[in-house]
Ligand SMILES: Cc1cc2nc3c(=O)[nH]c(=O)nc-3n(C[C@H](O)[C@H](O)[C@H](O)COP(=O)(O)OP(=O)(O)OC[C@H]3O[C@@H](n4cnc5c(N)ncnc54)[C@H](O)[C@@H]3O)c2cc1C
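Next up: just one chain, as structure tokens, the form predicted on its own.
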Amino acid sequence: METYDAIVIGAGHNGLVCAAYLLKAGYSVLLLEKRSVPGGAATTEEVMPNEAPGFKFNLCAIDHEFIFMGPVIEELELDKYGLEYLWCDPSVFCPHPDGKYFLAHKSLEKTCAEIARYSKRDAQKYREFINFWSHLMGAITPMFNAAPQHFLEIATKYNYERLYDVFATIGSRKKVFDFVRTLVTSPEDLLNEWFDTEIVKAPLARLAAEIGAPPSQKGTTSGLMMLAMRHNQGIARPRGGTGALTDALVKLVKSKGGVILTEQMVKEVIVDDRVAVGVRVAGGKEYRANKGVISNIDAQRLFLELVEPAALDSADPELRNRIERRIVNNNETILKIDCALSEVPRFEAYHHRDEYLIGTVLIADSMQQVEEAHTLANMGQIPDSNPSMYLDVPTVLDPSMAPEGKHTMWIEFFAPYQIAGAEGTGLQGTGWTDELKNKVADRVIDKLADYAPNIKNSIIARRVESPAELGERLGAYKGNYYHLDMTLDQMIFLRPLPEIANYKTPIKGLYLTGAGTHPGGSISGIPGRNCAKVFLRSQKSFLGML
């Protein structure tokens, strides 16, 4: 029987980051991945080799922002393993039906000048808005890079610059109350308070909704910091696609002696006398862990499917019920469209320039359209009568991902995981079929063609992945690539539940990492790093007891 110090379930980017830190500390590590390739949601693959040979697609994550809020890249020296980032500037282009458009540059001044063409007031308020969120982002960054309930460790990370950000955010009685209101109100209410024009409100609302909730939902304003991030540290993509981050991590892990086994579906975490001692994979083979098992999958699948009920109840008789009933996942996920193109989409009515496509293109006509896109999905309806979407043309910035002169396009369209009234039909009983997903994709492309009329004739081939297929491929509960909703009640020291928020569980030697842990989803590597720190600290505490 093969034995390692630590076994990581799932070789997504957080699992790889966690393994890298443990390997650097001298521990032996095995990663078990159910897919044929590591990376989880962070892969770049040639998925249409016959219809579109040489075209490489990011199958889930694409734009990187949060990874620059932590030290993972520098500490792991990922540049030595081939990782190179390309920066997106401009960062957002959002055309509107009336011929106007929002264009965000990394430069706040240049962005405000663009907005001032339509509203001088909104340009000034935008500057104030971004400054507020920038200070807030600076104030909370130390909280991201530590276990959320290790308050003393968090406090030690506040230097003068961070303390200034804290003061700028909550440095007076009025600021404190305004800050609290900002957190508990909705993006829609806050945007209506700050701005007059849909030119500004619609793209801000669309980016805020990336956390998977409609703009009207209270307690989801944290998504409004997205543009502040793009103005400060910026938004970037690895050369060669998101999978280049995974490739660098895999090279690092293997160089340190780590073992990555693919097509290994973990079926059980083996618990002996309330201690996790290994795992069993499909086919029955067992792997033993001397010091711990680290789960990079969501808490619901881990505790409700991989841990024997008696073992969990023995460690904590209340945890099973709380995981079943308290962790919240709404019905919203994404339908993913990847296209191989003969040319870029051309927004001729908007003074088209290819550089507008370097960053993110948003089809967000109004806050109302964004609201419908998310609310209807939560209700089980497909919001495709007037689609809103988030799309990238990554080959404008990185031509290496397609044959010379050709391009790829990445489209994210919010859709329900379970279609109302179609229960028990389609894939996994969700109602999604190949015919339906392609009809929806047709309507999404029709909407895009209203802005870029050349798009239909430029499509060489396309791949459409329904929410059910996405969930099945990623192993994501209800297709939620964030593992669980990123709402205020499930963030920081409450994620995924207060008693397991510090990456440790009631079962000794069983640890949590991944999108379902603090600070949440997206590409950051921070959950992996934080979990590794907790694991290593636990080993030192154990040795100190001997």
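Counting begins at 1, following the sequence as shown. Here the structure is a predicted model, which means the values were calculated and not measured.
What comes next is about the form predicted together with this ligand, which is not displayed.
**Q** Counting only non-hydrogen atoms and a 4.5 angstroms cut-off, does residue 410 reach this ligand in the predicted complex?
**A** Yes.
**Q** How about residue 35 - does it come within 4.5 Å of this ligand in the predicted complex, if we only consider non-hydrogen atoms?
**A** Because a heavy atom of residue 35 falls inside 4.5 Å of this ligand in the predicted complex, the answer is yes.
**Q** Against this ligand in the predicted complex, would residue 63 count as a contact residue? Criterion: heavy atoms within 4.5 Å.
**A** Although this ligand is absent here, residue 63 would touch it in the predicted complex, with heavy atoms inside 4.5 Å.
**Q** Is it the case that residue 484, even though its partner is missing from this view, gets within 4.5 Å of this ligand in the predicted complex, heavy atoms only?
**A** Answer no; every heavy atom of residue 484 is more than 4.5 Å from this ligand in the predicted complex.
**Q** Just one of 275, 265, 113, 422 has a heavy atom within 4.5 Å of this ligand in the predicted complex. Which one?
**A** Checking each option against this ligand in the predicted complex, the one that comes within 4.5 Å is 265.
**Q** Which one of 103, 271, 474, 227 is close to this ligand in the predicted complex, taking close to mean a heavy atom within 4.5 Å?
**A** Residue within 4.5 Å of the partner: 474.
**Q** Where does this ligand sit in the predicted complex: which of 75 to 83, 372 to 380, 257 to 265, 181 to 189, heavy atoms within 4.5 Å?
**A** So the stretch in question is 257 to 265.
**Q** Across 509 to 526, which residues bring a heavy atom to within 4.5 Å of this ligand in the predicted complex?
**A** The stretch touches the partner through 514, 515, 521, 522, 523.
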